[in-house]
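For reference, the chain that follows is the form predicted alone, supplied as structure tokens.
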């Protein structure tokens, strides 16, 4: 027997043996799942076809000679024969098309069962049950829920104590840090903190009404420290003459105009979770995997931290 055919038989037997051991011979085997059966059938077909094709063309390279009719075109005096489509290739191509049509319409149609679909259905049912069961909780129970959600979803960046882990994320024990205030003043902001776009201009659009001029570096430093200190200390005059017209005299924000920068509230935190935000520290992504009640609870918990 030709060595090529012998090696082809040995490789085919070995690969089919590995397939048997890894799937059929393992615990569970096919498990009655048509997907497993189709996968093994596909693996066997690929092994046989691959070995067959390799043997055919290796053998052909050993014994074949070039002949036939040359095409009229040539490329750098290199001609090409008018070879017919290889019969084996054509058969495999058509068989693959038939297999694909059967697979998508009968074998495993796109609307059939899937583990991902089952998981999504179970998750949706659980969320609906969760929201119904906890829809009415408020007060301390809501804060307790928020703490548990925070520890599961937020502590990786903000830390167990919500202190931001040495500046890696925002310190949620205070409304806002001085460097964050300064960054917003210098660069502007449009973080959807009120649930819609309300862009704040950068320093080139911020006028101090007391001086009639754009806000200065010294005034930025002063008002940043004032806001970060809980609306206390020096810088109050700059805030009153530059920021209060939008954020209010106490910094509690104005509906449809500017967000609350004096303290956290549930709506503010929920909007951050819904839309993410970008600031002096970096970018926080939106947290889509939490449902509305969980976001409300996190908002209540974070609000309680700074009181």
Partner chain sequence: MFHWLEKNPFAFALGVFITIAFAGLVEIIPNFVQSARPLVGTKPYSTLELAGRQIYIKNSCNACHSQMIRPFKSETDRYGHYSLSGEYAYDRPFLWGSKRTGPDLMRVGNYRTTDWHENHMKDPAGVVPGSIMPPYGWLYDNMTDIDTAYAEQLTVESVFAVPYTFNKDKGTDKAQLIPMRDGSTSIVLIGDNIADARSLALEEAKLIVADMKDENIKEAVANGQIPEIVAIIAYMNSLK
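Values in this document were obtained by computation on a predicted structure and should not be read as measured data. Numbering follows the first chain given and starts at 1. For clarity, a rigid core is taken as the largest C-alpha set superposing within 1.5 Å between two forms.
Not on display, but discussed next: the form predicted together with its partner chain.
Contact label in the model of the complex: residue 286 to its partner chain, heavy atom within 4.5 Å: Residue 286 belongs to the contact set for its partner chain.
Touches its partner chain in the model of the complex: residue 116 (any heavy atom, 4.5 Å): Residue 116 belongs to the contact set for its partner chain.
4.5 Å heavy atom contact, residue 129 and its partner chain in the model of the complex: Heavy-atom contact with its partner chain at 4.5 Å: absent for residue 129.
Residue 156: touches its partner chain in the model of the complex, heavy atom cutoff 4.5 angstroms: So residue 156 counts as contacting its partner chain.
Among 55 to 63, 40 to 48, 273 to 281, 252 to 260, the region lying within 4.5 Å of its partner chain in the model of the complex by heavy atom distance: Flagged stretch: 273 to 281.
Single option in 140, 122, 217, 202 placed near its partner chain in the model of the complex, where near means a heavy atom within 4.5 Å: Residue within 4.5 Å of the partner: 122.
Heavy atom within 4.5 Å of its partner chain in the model of the complex - residue from 97, 106, 160, 213: Exactly one residue meets the criterion: 160.
Partner contacts for 60 to 96, taking its partner chain in the model of the complex and a 4.5 Å heavy atom cut-off: In sequence order, 73, 75 come within 4.5 Å of the partner.
Residue 234 C-alpha relocation of at least 2 Å between the shown form and the other one, rigid core basis: False for residue 234: its C-alpha shift is below 2 Å.
Rigid-core frame, C-alpha of residue 114, shift of 2 angstroms or more between the shown form and the other one: Yes; residue 114 is a residue whose C-alpha shifts (by 2 Å or more) between the shown form and the other one when the cores are overlaid.
Is_shifted residue 166 between the shown form and the other one (CA, 2 Å cut-off, rigid core): After core superposition, the displacement of the residue 166 C-alpha between the shown form and the other one stays below 2 Å, so no.
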